[in-house]
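The chain below stands alone and is given in structure tokens; this is the form predicted on its own.
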Amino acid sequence: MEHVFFPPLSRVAVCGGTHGNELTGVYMVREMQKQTMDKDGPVSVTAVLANPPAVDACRRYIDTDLNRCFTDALLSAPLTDSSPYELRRAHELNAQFGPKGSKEAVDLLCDLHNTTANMGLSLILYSLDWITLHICKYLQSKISSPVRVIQLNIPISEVYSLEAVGKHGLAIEIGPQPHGVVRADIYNMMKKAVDLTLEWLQKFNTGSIFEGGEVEAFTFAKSIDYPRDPTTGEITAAIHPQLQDNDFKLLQPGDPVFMSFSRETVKYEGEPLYPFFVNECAYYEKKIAFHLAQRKNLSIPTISVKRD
């Protein structure tokens, strides 16, 4: 692959509290806000709480999920007095860090999340973006525990999450951590990921060449719902103990996935795929028990900063 050049990445936003009860990002942003950010150096960093009322209430959201409000259609729709709070807040964040898809948008937007699933440190991105994939590769090289890359493959116009507002975007997702709780080990892992991301940006802007290669990624394939009563819609089973806490472990046909409340085992019937977000607390309302992904190696080119 050819050597690819990019302009300097000088404006960065780090956001926490997009979901108000995911507390690692909340406390990290608050800590960053206490520090004096260097606005004149190679990288200017702005730290923001994305959903302050939800943070104050320690709730995922007030009216609707803020992290589903950043599609082009929603950002271009007119606001009214009856618009949900989060949609109005999405318009504010888009004005502050975007507009989405414009040359005025911040160069990188990093959004910090927690999951109740046993996913460790996971990095979520959408398109085949050489910048974010190189950041992922750098973190994988610097962190001894697994750093997994999740690619969702959604057209940018339909990407619904906050990081889509930046020219380049990355969500850092770490778990397991109960919502409404902060754990020191999870906080330290998040801080290391953020610090290494900023370190990579400093090196990139000052002329370091990042060699190409491959990045292992889990590409979203489909979502699986819980078994449900056809009349009431209530779930009739829980995640099977053999699947619980086994995110990113290959799921084979015939493997147990659910155990009904009458203690019957439901087995997996699809092609071999990798589960993630297994039994995520916040996904019950979305009717998702877990996602499934294919594992792929993505080839990336050598990159460096483009000088005037």
Partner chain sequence: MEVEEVERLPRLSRVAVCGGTHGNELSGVYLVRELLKVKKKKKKEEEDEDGGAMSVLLVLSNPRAMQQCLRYIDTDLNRCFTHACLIGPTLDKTPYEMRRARELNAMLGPKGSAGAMDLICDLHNTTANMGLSLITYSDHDWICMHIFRHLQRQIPDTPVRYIHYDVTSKESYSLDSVGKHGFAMEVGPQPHGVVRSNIYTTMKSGVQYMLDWVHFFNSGVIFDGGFMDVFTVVKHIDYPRDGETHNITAAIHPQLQDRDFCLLRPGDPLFQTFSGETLRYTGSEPLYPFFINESAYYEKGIALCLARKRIKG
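Just so it is clear, the model here is predicted, and its values are computed rather than measured. Residue numbers count along the first chain shown, from 1.
Form predicted together with its partner chain: not shown, discussed below.
Only one segment in the set 156-164, 89-97, 68-76, 187-195 has residues whose heavy atoms sit within 4.5 Å of its partner chain in the predicted bound form; it is 187-195. Contact with its partner chain in the predicted bound form, defined as a heavy atom within 4.5 Å, holds for exactly one of 209, 182, 128, 143, namely 182.
With the partner omitted here, the residue from 265, 64, 44, 244 that has a non-hydrogen atom within 4.5 angstroms of its partner chain in the predicted bound form is 244. In the predicted bound form, no residue of the candidate spot (85, 255 and 271) has a heavy atom lying within 4.5 Å of its partner chain.
Its partner chain in the predicted bound form comes within 4.5 Å of a heavy atom belonging to residue 234. Looking at residue 249, you'd find every heavy atom of it more than 4.5 angstroms from its partner chain in the predicted bound form.
When its partner chain is considered in the predicted bound form, residue 213 lies well away from it, no heavy atom lying within 4.5 Å. Residue contact with its partner chain in the predicted bound form: residue 205 places no heavy atom within 4.5 Å of it.
Applying a 4.5 Å heavy atom cutoff to its partner chain in the predicted bound form picks out 279, 281, 284 from 272-287, in order along the sequence.
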